[in-house]
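Only one chain is given next, in structure tokens, and it is the form predicted alone.
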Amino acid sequence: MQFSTFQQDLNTWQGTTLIFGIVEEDLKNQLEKINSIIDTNSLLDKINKKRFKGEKGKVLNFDFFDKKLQTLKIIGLGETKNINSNDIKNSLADIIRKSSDKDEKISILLPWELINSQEEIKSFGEAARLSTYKDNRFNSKRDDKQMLNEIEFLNLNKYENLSFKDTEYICEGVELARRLVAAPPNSLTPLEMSLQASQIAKDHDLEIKILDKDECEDLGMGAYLAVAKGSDLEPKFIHLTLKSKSPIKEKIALVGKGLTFDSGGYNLKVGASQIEMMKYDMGGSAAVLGAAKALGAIKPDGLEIHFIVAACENMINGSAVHPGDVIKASNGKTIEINNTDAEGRLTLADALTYASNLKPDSIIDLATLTGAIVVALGNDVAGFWSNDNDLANDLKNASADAGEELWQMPLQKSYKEGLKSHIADMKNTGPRAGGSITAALFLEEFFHEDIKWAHIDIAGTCWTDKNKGINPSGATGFGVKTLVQWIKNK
């Protein structure tokens, strides 16, 4: 799908489907904007009969059979003083998703004078494209019917050099993450994930290193390999590197949890734990690889970025790790396994140690780590923890710009008591209370203290059953946009 702008007089515009945004004040004068396209006097009569005043979220549809304009969709934006970018994005997304299999091209005209920046306009394009996403790869009655191939923005005269190139790259990254998360575990294996990473490296000229089991053993990755022991599928440790050609001013590591399937191990997932959905337990790695794809195309200046994924399955066989086992991570710390279903943090322990040894300025990890964060924040907001206030504030700003909600959680040091073990350096889980916090405190043990770090728990946000706004139901690709925006803000 491509984006375009039309900056000439509207009386020369040619199009068949128009989405027209209207605020509540002075409806008649606003309709004058499209007087050259349609007779606004008769249109105003029809609007008044429907008692439409431009209220937020209200939509009117008009079909014309004797005009060059065939379909007009008027969306209410509410009062000028309360106009909200996210409301506009959700309204556009809902309308365009319902139209994407009917129209080849959709044009959008909004009151641009009320929009604050080019970035906001790009976010509208992003919302429009992502709302039309379909994934029917595994459906024998597959229907990928989608005529829409162009989104056009009208009357953007004050933004002469507006480019949607980065928007396209970000959408491609989000779409990749969605495909990875939605793929069933017999399709997206650790090997397949490593092949996907290799394709990103090939497409965007990134360096890549894939470590096999023996190489991980040589590095002492006892925590990661303990999780992988119960699977017949070999683990794959993925390391992509994007390096600017200009002098490096900052080094960054992005780490994603990569459990392509999580049975829970001997602490088998039962009942409400939704074992059948544990294909999405690699949502963190999907976000990291999606960001790698987007940033590989954008090529930010002056940065060295490492994308790290410890990919494996958590399964059960005669070799699988037992509850009660003691294992050793690659930084030398010993861990008593009191719950084999708290496996993601074990893979991240060695992934964070590996990232830390690269001596980056900052590390961000993303993981579908705990059910506790879903209980705390639900399915629309991800929790995050950080050891650095500046990094935390930068992430909050980036997530707000990206339209992905983050809520900072406390690194409550007193809760570390719950991770103490009688026979090892630590246990892999603490008490039930504050479970997402003790998980973050566990991860804090596996990188150098002088490195800025943030952990984002996306267990609630990587999947949605709603079919609303920017996210069709299914995998969301949550995290890609925040990571890319955080990098772009540097």
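Just so it is clear, the model here is predicted, and its values are computed rather than measured. Numbers follow the displayed sequence, beginning with 1.
A second form of this protein, the form predicted in complex with a small molecule, is not displayed here; the remarks below concern that form.
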Complete contact of 89, 126 and 470 with the small molecule in the predicted bound form (any heavy atom, 4.5 Å):
no
In contact with the small molecule in the predicted bound form (heavy atoms, 4.5 Å), from 277-285, 175-183, 228-236, 329-337, is stretch 277-285
Just to be sure I understand the contacts: of 371, 300, 78, 220, which is the one whose heavy atoms reach within 4.5 angstroms of the small molecule in the predicted bound form?
371
Within a 4.5 Å heavy atom cut-off, is residue 341 in contact with the small molecule in the predicted bound form?
yes
Report yes if any heavy atom of residue 365 sits within 4.5 Å of a heavy atom of the small molecule in the predicted bound form; otherwise report no.
no
I'd like to check something about residue 269: if you look in the predicted bound form, is any of its heavy atoms closer than or equal to 4.5 Å to a heavy atom of the small molecule?
yes
Contact of residue 293 with the small molecule in the predicted bound form (heavy atom, 4.5 Å)
no
